[in-house]
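In the block that follows, a single chain appears as structure tokens, in the form predicted on its own.
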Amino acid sequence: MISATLLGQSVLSGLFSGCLYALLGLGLTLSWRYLRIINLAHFALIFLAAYIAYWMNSAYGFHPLLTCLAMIPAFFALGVAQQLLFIRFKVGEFASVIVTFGLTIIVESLIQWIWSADFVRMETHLARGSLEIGKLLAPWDELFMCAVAISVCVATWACLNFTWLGKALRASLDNPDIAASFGVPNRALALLVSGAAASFAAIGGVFVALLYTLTPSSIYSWFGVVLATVLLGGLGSPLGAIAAGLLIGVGEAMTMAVVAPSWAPIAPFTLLILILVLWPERI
């Protein structure tokens, strides 16, 4: 029999993982919905940010959060430059899969060339220790990550639903020509969304560096679970990403506790297939 403590700790760990999935998928779901770009290079940007955070901390002693704040505008500019290239060469939704996957391979090679293919781990005392909740333990760094992930997703949702920017994005998505005739700057909005998505990748990358051991090839291990989170949550839905991430995270954790750790990757894709079959209009 599995103890209640183990089940409770598994659920708690799943909630933490789910918040990270939502944070990592936020930029991807926005670019997919509003730019019609399936940006697989988003994962490469996450790991580039993770390695920069690791390097700045290990080589120069920079606080990871300070590094994150510095990377946000830099990655915003990187996202804008990427979108300018997509606009210049008229990269469509299908072509974006191939183009951005190629960019991912390039960034992976660059990371491997600079930092080698060895496993590395950020050694920092930031928010070490755990909060005791009865018999359960909640690590402070994961609690902080959850607070940031939920805050960023909720703020993005509020911006999309209660500001002129959100209305303009929806108008541009529905009919860009008519939206432009009413003064909506379609090109500027596209650059803004792409820059914001890259900035979210930078934030997520710092937390990946804080919580996980890094190796360049592990970029691809995140593809499945984050894509499942994006699709289950609904394209362009920050709150949906949180809900889907929590569902997938808890599902994975419970599968590991009840069945076996090797079965954990089955959980997100089983949920995705069920949604596609039972609720196809959700995607």
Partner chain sequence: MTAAAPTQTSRRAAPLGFALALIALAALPLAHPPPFFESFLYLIFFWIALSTSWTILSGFTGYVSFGHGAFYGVGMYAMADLGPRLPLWLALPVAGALAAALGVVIGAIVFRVRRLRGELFALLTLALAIVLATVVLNTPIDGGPGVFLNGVVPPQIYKSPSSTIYLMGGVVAIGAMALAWHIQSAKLGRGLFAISDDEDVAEVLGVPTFGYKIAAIAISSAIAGVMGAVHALFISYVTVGETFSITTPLYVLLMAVLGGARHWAGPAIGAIFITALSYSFVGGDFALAARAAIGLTLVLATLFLPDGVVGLILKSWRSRHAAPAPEAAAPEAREAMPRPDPARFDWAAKPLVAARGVSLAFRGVQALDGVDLDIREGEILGLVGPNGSGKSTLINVLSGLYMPDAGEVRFGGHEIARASGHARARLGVARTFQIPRPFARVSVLDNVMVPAMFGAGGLDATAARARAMEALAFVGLDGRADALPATLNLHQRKFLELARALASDARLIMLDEVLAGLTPREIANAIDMVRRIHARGATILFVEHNMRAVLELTDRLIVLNQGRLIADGAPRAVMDDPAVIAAYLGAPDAAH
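If you're wondering where the values come from, they're calculated on a predicted model, not measured in any experiment. Residue numbers count along the first chain shown, from 1.
Quick note: we don't show the form predicted together with its partner chain, though the next part is all about it.
Within this chain, W55 is remote from the site of its partner chain in the predicted complex, having no heavy atom within 4.5 Å.
Using a 4.5 angstroms threshold between heavy atoms, G102 counts as touching its partner chain in the predicted complex.
Interface residue remark: F62 is not counted as part of the site for its partner chain in the predicted complex, having no heavy atom within 4.5 Å.
Though the partner is left out of this view, V91 does reach within 4.5 Å of its partner chain in the predicted complex, counting heavy atoms only.
Contact with its partner chain in the predicted complex, judged by any heavy atom within 4.5 Å, is made by just one of A95, A81, I178, L165: A95. Of the stretches 237 to 245, 47 to 55, 65 to 73, 223 to 231, only 223 to 231 has residues with a heavy atom within 4.5 Å of its partner chain in the predicted complex.
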